[in-house]
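Next up: just one chain, as structure tokens, the form predicted alone.
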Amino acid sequence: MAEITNLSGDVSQVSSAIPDLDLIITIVLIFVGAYLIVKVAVFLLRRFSEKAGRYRIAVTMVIPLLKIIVYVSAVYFVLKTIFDPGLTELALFSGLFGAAIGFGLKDIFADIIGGIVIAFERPYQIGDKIEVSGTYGEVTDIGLRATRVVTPDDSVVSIPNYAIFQEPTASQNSGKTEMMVVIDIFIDPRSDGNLAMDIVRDSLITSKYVYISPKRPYTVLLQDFPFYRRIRGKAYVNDLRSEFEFSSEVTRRAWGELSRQGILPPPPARVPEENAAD
């Protein structure tokens, strides 16, 4: 009889050591549900943003904030399901969480905090053209841990969100769809500068990509250097995605007319190094 009692006690201990299957399923369903909610919501917002015209970037601003709300809610419901925490349990969890951060999760925690800062302070947004840590491109996603940027050569670069605390970040358009583009054209120093400026100006303002308004003016500048003259055109492109098409079109049309007018580029040995590299 005593052996049967001991065996029953052992079985009871083994059963208590096995995790509750219902609890595991509930936790998995919570995270899967949060993941699906985020995926569907992001998909719908992106589709809607493409039809929103000038408000495209304003619509995508909601995406990182939505991710934070959904995932933080999921974690809250998981904790409530497991512990149904009171004040004591909450204090204990906070202590364990702090220790975990100290021992190895500080980078992940820094990324998440960086994601929250980006979502609320908005130094850049989805759809912006940014330059950070030597990488330039369009922001396509802001996650909890990293920001994804597509570079001009179509490479996808993941930048940890904590970089916002350590690296200077430049946003070329600050949430607007239009963006300033600077186009430099170098000509022979003996050329007619006024005529060259008129040609570059005409190429700028007649481009199908240009956006000109009282708040978005264009400028054409001439600067002399020892071995060449630089014509710098500055104007806004109507959609930042057309940045390179705009630059290419203006350069091609300007050089076509410059050549017809007998205006030549500087001798090869005198071409500025950064331009020669192109």
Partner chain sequence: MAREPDFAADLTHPILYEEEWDRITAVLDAFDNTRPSHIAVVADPFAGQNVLMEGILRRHPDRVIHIPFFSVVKSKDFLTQMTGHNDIVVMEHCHFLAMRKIGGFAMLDAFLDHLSTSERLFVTEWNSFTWSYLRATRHIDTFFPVTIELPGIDSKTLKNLILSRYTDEIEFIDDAAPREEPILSAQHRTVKLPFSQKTVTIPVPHLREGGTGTNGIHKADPEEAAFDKIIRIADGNYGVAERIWDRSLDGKTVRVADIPDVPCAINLDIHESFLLTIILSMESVSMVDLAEIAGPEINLKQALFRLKNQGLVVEENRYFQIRPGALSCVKGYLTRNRMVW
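Numbering follows the first chain given and starts at 1. Small disclaimer: the values here were computed from a predicted structure and weren't measured.
Beyond what is shown, the protein has a form predicted together with its partner chain; the following relates to that form.
- This chain is displayed without its partner chain, yet in the predicted complex the stretch 196 to 204 from 196 to 204, 129 to 137, 116 to 124, 73 to 81 comes within 4.5 Å of it by heavy atoms.
- The closest heavy atom approach of K208 to its partner chain in the predicted complex falls within 4.5 Å.
- Taking non-hydrogen atoms only, N238 approaches its partner chain to within 4.5 angstroms in the predicted complex.
- The closest non-hydrogen atom of D141 lies beyond 4.5 Å of its partner chain in the predicted complex.
- Its partner chain in the predicted complex comes within 4.5 Å of no heavy atom belonging to K215.
- Note on the partner interface in the predicted complex: the residue among I27, L221, L65, A52 having a heavy atom within 4.5 angstroms of its partner chain is A52.
- Of the residues in 146 to 179, only E178 comes within 4.5 Å of its partner chain in the predicted complex through at least one heavy atom.
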